[in-house]
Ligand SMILES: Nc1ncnc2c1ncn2[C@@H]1O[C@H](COP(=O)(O)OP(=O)(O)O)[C@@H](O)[C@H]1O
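A lone chain, given as structure tokens: the form predicted on its own.
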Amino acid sequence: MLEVTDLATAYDGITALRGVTLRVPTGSMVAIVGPNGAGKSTLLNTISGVLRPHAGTVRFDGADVTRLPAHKVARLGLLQVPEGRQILGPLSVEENLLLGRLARGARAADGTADDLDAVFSLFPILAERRRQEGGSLSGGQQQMLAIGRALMGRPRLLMLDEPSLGLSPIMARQVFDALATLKARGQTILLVEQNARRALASTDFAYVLEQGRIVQEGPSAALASDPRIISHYLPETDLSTS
């Protein structure tokens, strides 16, 4: 569904991506792991059209979307849940969710009630708090709201940037349980995640990004048992996937 080839992106005089190539097959869940500052968020922002690359291509379901603005990329069904959630605090949970329809363009009003029901089924706490201001939710609930808002746009490919960042282990597990449910339903997912252990345990395939380059790739289970990955990214003290 997604093919990124030799992608290079620079901003503020810094080259953040250096010839990145990756693929996300339809129906798969793929992870990008790496240290802070490796360029992971830049990669998602370039794919989604927030940033423009100076070299390389991004193809989504066969179409070249490299130079499309973000709103046009979103209307093709490539949607991103940004780091930090970026919900609108003064709006209610339901109002935040309804904003997600904008990604659907002219189809915005089609099936809204069913889409809301699907989000509330995945995240029952949001149904309970549908009239509550989004800014009053806990961090984990806000992450659920951000994911739900993206789902309201009916993504064909859902990209998530650090969904467990700042969450308690219990809330992070609930978020990843929801992602597993989505994958089981056929949702294609590209995941950037700072908890490499959790990312590799949850995905089919993974890429390791360091200093703007892909330095290693392979099936997630194989990387999870690779001595280099273990020493660099899977410290024994990181047991938060349990």
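These numbers were taken from a predicted model, which means no experiment stands behind them. The numbering used is simple: start at 1 and walk along the sequence shown.
What follows is about the form predicted in complex with the ligand, which we do not show.
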Q: Answer yes if any heavy atom of Gly27 is within 4.5 Å of a heavy atom of the ligand in the predicted bound form; otherwise answer no.
A: no
**Q.** the ligand contact in the predicted bound form: Thr42, any heavy atom under 4.5 Å
**A.** yes
Q) Glu94: heavy atom within 4.5 Å of the ligand in the predicted bound form? A) no
Q.
Residue-level question: is Glu83 within 4.5 Å of the ligand in the predicted bound form, judged on heavy atoms?
A. yes
Q) Does every residue of Ala16, Pro35 and Ala38 put a non-hydrogen atom within 4.5 angstroms of the ligand in the predicted bound form? A) yes
